[in-house]
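The form predicted on its own is given below as one chain in structure tokens.
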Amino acid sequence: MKKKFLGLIVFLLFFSFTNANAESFKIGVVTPPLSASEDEFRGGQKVSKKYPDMIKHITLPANFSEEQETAISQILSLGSEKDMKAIIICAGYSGILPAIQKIKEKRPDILVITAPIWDDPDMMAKYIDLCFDTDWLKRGETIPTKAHKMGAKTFIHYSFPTHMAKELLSKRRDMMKKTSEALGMKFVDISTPDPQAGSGRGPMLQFLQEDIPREISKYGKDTSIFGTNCPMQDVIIAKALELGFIVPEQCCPTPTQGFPAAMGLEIKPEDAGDFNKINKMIENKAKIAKVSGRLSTWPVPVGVFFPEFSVEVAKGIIDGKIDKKDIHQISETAKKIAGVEVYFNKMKPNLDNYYLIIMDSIYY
């Protein structure tokens, strides 16, 4: 009896010791501050609440470009902590790679995931364990395809000269045109007054207020409208509620762009990161406006998704439950966090640790 009792004690002590060891590591999460990027900051906050003893969330200076050395020092300080096993950087800045290089030189055991940073992809792939970003160009194919499924016969693309001077945006526009025409939709390219050339966003927004009704009168309600600029979304969605046309996605696909302002949503501070609740509010407003099924976006912002998803991936790799080379395991983790399928494409065929994502949509 004594031997059995002693054996039980030894087993429990061993179990508690090994279990404590498994949970004793730290994961650093790096985001911009709330004032610079709300989504990433809230994503960092969310995962800190989920794993309060594991996560160390730090924020970079609000003016990153002028305080780059401070930012690099902050990231390096995470690498100097003995129990730090992984560092997740969700910042959307370039100029962070030197900090990662220094960490990897001193602590090659530390897992580094960026989601995203915008340094040179080939250089990043040499030092970073996993890199994630949104597949902005692929959306030139997925957005018109979705619009067509939602019943669109015409696809209108609103932009302006300084945006179309950006290679990525002009390539995406060309892909939208090609995809629309392949699907039998008429593609209409409209240039608005340029908000970055003198008079600000006022003339652009006024143009949209006046032009959207003209276009819907010409092409009918089975028209999809896409705008390349964030401030455009408030007007586009408000007009969709009024005129009943299709909005397949905003320039930044998230429930919190355009919908709250256009719909007058009152989102309490404690509900700011509750996207199930926010999506339900949008769905109800769409129903009242009789535009159900005509509005869509991604169910959660990538800025909020990336920190939590990356932490789960890092935790799984550290625990030996995820192989960082197994994109199927990684995509299954993404689905659990997003609640929908998340598709991963290699940024370049030769890079096996740099992936671009597209998320399935929610329809209101």
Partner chain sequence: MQDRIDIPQIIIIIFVLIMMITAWFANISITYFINDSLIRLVMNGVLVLSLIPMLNAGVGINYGLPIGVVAGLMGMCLAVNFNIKEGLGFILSFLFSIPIAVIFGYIYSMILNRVKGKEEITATFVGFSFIYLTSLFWSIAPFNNPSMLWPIGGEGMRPTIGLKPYFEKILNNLWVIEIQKIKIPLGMLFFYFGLCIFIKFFFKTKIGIASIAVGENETFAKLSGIDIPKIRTLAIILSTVIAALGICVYSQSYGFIELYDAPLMVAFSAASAILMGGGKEGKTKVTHAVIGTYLFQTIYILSAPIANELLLPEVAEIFRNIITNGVILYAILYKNQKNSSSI
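Residue numbers count along the first chain shown, from 1. What you see is a predicted model, and the numbers here were worked out from it, not measured in a lab.
The same protein also has a form predicted together with the partner chain, omitted here; what follows describes it.
Only one listed stretch (109 to 117, 183 to 191, 70 to 78, 127 to 135) carries heavy atoms within 4.5 Å of the partner chain in the model of the complex, and that stretch is 183 to 191.
Only one of 251, 247, 235, 286 lies close to the partner chain in the model of the complex, with a heavy atom inside 4.5 Å, and it is 235. Checking 276, 292, 170, 209 against the partner chain in the model of the complex, a heavy atom within 4.5 Å turns up for just one residue: 209. Residue 98 falls outside the set of residues with a heavy atom inside 4.5 Å of the partner chain in the model of the complex. Among heavy atoms of residue 153, none comes within 4.5 Å of the partner chain in the model of the complex. Under a 4.5 angstroms non-hydrogen atom cutoff, the partner chain in the model of the complex lacks residue 56 among its neighbouring residues. A residue is said to contact a partner when one of its heavy atoms sits within 4.5 Å of a partner heavy atom; residue 102 fails this definition for the partner chain in the model of the complex, lying far away.
Residues 209, 210, 213, 214, 217 of 208 to 226 are found to place at least one heavy atom within 4.5 Å of the partner chain in the model of the complex.
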